[in-house]
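A single chain comes next, written as structure tokens; it is the form predicted on its own.
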């Protein structure tokens, strides 16, 4: 948000903050969410680069297409374990996963 817009909102009595503050997340919780988002983005990119359908990725994971859709949409019930397994199933290296994590 532009500083001028923020100042105008604050002048009008609004409180401006971020999602972490609004949700009351600790720094650790916010960092975990950011990391999951980066890894999910990588899953989408790699799946697209490999022209894999959600069904094909689900078969690699011995899971369902709907589970892959939930993974790619960042559903809160998708574990970090499943996200990383999806990356490894598509042939992503440990280094690529580490790079994605370090950029979050």
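Residue numbers count along the first chain shown, from 1. Because the structure is predicted, anything quoted here is derived from the model rather than measured.
Only in words, not in the display: the form predicted in complex with a further copy of the same chain, which the text now covers.
Discussion item. Can you work out whether residue 79 and a further copy of the same chain are in contact in the model of the complex, taking contact to mean some heavy atom pair no more than 4.5 Å apart?
Written reply: Yes, residue 79 sits close enough to a further copy of the same chain in the model of the complex that at least one of its heavy atoms falls within 4.5 Å.
Practice prompt. Classify residue 32 as contacting or not contacting a further copy of the same chain in the model of the complex by the rule of any non-hydrogen atom within 4.5 angstroms, answering yes or no.
Written response: Residue-level check for residue 32: yes, a contact with a further copy of the same chain.
Worksheet item: Taking heavy atoms only, is residue 52 within 4.5 angstroms of a further copy of the same chain in the model of the complex?
Response: Residue 52: no contact with a further copy of the same chain in the model of the complex.
Discussion item. Please determine whether residue 62 contacts a further copy of the same chain in the model of the complex, using a 4.5 Å cut-off between heavy atoms.
Written reply: Yes.
Item to complete: Kindly indicate whether 19, 22 and 37 are, all three, within 4.5 angstroms of a further copy of the same chain in the model of the complex, using heavy atoms.
Response: Checking in the model of the complex: none of 19, 22 and 37 is within 4.5 Å of a further copy of the same chain.
Item to complete: Heavy atoms within 4.5 Å of a further copy of the same chain in the model of the complex is the criterion; list the residues of 70-101 that meet it.
Response: Contacting residues: 79, 80, 81, 84, 85, 88, 89, 94, 95, 97, 98, 99, 101.
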